[in-house]
Ligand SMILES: Nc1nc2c(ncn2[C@@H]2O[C@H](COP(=O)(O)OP(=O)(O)O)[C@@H](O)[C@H]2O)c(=O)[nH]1
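The chain below stands alone, shown as structure tokens; this is the form predicted on its own.
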Amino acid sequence: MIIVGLIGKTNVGKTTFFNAATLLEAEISNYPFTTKEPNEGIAYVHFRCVCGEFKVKDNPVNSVCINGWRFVPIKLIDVPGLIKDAWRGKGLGNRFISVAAMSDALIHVVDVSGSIDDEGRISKPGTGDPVQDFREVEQEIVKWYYQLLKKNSKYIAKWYRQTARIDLSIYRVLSGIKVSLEDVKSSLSEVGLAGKDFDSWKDDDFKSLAFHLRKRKPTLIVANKMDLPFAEENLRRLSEEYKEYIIVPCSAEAELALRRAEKRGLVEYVPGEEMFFVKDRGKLTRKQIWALEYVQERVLGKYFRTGVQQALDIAVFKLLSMNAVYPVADEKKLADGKGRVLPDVYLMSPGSTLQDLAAQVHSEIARNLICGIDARLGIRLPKNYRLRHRDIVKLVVALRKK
């Protein structure tokens, strides 16, 4: 399952984002390190389901279809807020940075209203600096990568002398935190270390490599608390300073309010949509009416979306370039062996083949796979066919001999 990690300072709204995305009741408080352990939950990314294209009623099993939108589960991890010297272990930061590093993609949440101080304590909007907050957290992660390289330098040196491959030697140390061999090769090339003898590396070489390795981890910025004063000005500053990042304006509080209202049957709301509908205004309290009007005026009326679902979708489909693929047993009826229409969807990484899909579905299918059939075109697909987003394919397997 795809893992997306939430990082950022304390009190920027990560746990509210997490709760909104998962509807789990993780503790929310205004105290640093309220989250003592990483919260893990299931969130969903969504895309337009193919059921509308084929005009069929689907029967989702491993996912959900709501109003023609297919929601596919991912794992979301809320990493406790990081502060200065987290890489040294301050505030339990060291162990939690490692959790963040093992995510496939990261969502870096900042309080764009500037309502937290340097230590992550709640303050008045406009008194904090979200640009500096982002920079400090990123520096902590880079320093952690640096520390990891330095602490394992003797092992890297040993393997380098045995293989004469600095890329492989570093990869052996970092593969456990989802750093690929390609990440290592590209980073070494970018800093000019690919051909340099490891025994002659200086401290600055380790720092440069750590910085570029961190950049290889897909990351987007969530500019949270967009409904508060000073947010628009700070969003402009953040966008100018970090042009290389995708930045999503967000109000996690608004999304959480809408999802809770929907769960209680008070409104009709599909995550990621631009509007919601009140079912019966007469059943709402004054406080609920005020909250929903606030969400409409200050969030949806200005930014069209709360940003929570959008951030998750961007992380998976833009940063990771994942493709959602439907395997079926009957390409005519778009059904599985039990007659369920479009039951499953799998998120496949870019470059994944039909063989890779078969392995995701079942190891026995992968061993006996012959080919595939494209449900749209009815053509035969070889095992090495590279899957594309919203493909519907029948997996053709050899019959087992009795």
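Everything numeric here is computed off the predicted structure, so don't read it as measured data. Heads up: residue numbers just count along the shown sequence, starting at 1.
The same protein also exists as the form predicted in complex with the ligand; that form is not shown, yet it is the one meant from here on.
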Q) Exactly one of 107, 213, 252, 170 has a non-hydrogen atom within 4.5 Å of the ligand in the predicted bound form; which residue is it? A) 252
(Q) How about residue 224 - does it come within 4.5 Å of the ligand in the predicted bound form, if we only consider non-hydrogen atoms? (A) yes
Q) At the 4.5 Å heavy atom threshold, is residue 246 in contact with the ligand in the predicted bound form? A) no
Q | residue 238: touches the ligand in the predicted bound form, heavy atom cutoff 4.5 angstroms | A | no
Q: Would you check, heavy atoms only and a 4.5 Å threshold, whether residue 319 touches the ligand in the predicted bound form?
A: no
(Q) Can you tell me which of 258 to 266, 225 to 233, 138 to 146, 188 to 196 lies within 4.5 Å of the ligand in the predicted bound form, counting heavy atoms only? (A) 225 to 233
Q) Does anything in 1 to 20 come within 4.5 Å of the ligand in the predicted bound form by heavy atoms, and if so which residues, in order? A) 9, 10, 11, 12, 13, 14, 15, 16
